[in-house]
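One chain comes next, on its own, written as structure tokens: the form predicted on its own.
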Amino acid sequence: MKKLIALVLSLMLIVCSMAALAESKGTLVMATNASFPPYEYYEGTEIVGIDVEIAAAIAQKLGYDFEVADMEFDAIISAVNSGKANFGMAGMTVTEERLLSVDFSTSYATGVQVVIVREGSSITSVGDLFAEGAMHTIGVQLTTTGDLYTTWDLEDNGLAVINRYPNGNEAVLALKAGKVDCVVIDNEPAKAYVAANEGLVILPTEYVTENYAACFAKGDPLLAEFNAALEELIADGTVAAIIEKYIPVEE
């Protein structure tokens, strides 16, 4: 009986040791701006979306717990660089300007910037935004690529005014109220905003096409792990399935 008890105790110790080895390596915190459907948005009190599911799958594959921190878009890079978050995912485009501050992961999705206008607007194409003598007022979300690209275009020709808002919803509300003539934003949240706000339409011509990636503090060794897991999830179809869940392929 003593030998049996000793054997049981030994087995229990082995099981406990295995469980300890299986414990999480820690928690990965993802900084985002949860007003960018379908990439990140609130469903009740929970933040869901493409970026959230992809990041959660990566964290699980790497053996980490996962947490999402919602903040203003223009605070994401500073949160990553200060260590308040391990990485940022928020439909964030890789740009030369951002590469001065952070490193980016492998790209996992392609985005398209479009223009939202009120029905009957004199703006009927992207080319109308900076037409000679037009001086349109353009609404954008602060520090997004909609902000960056329109700012660059404005510097080139000076034929428009840009109003910046902390999130896309406020920019769209400003459009409805007549405070701006259009809003430049990613196509997927644009479709959600237009569906929720009668009297708004998306122009048929695209403003710009871009690649989305996660951002990391310069030199962060986590990036290599993250990329390895992300590339496996791209290769096995997991990323495509997550994107398809939120953005069904049109037949």
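For every residue, the number given is its place in the sequence shown, counted from 1. Because the structure is a prediction, the values reported are computed rather than measured.
Omitted here: the form predicted in complex with a small molecule. The next part is about that form.
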| query | finding |
| --- | --- |
| Touches the small molecule in the predicted bound form: residue 108 (any heavy atom, 4.5 Å) | no |
| Residue 139, heavy atom within 4.5 angstroms of the small molecule in the predicted bound form | no |
| Heavy atom of residue 188 within 4.5 Å of the small molecule in the predicted bound form | no |
| Contact of residue 85 with the small molecule in the predicted bound form (heavy atom, 4.5 Å) | no |
| Interface residue in the predicted bound form among 114, 90, 180, 129, criterion: non-hydrogen atom within 4.5 angstroms of the small molecule | 90 |
| Partner-facing stretch of 119 to 127, 154 to 162, 91 to 99, 77 to 85, counted where any non-hydrogen atom is within 4.5 angstroms of the small molecule in the predicted bound form | 91 to 99 |
| The small molecule in the predicted bound form: contacted by all of 73, 145 and 210, heavy atom 4.5 Å | yes |
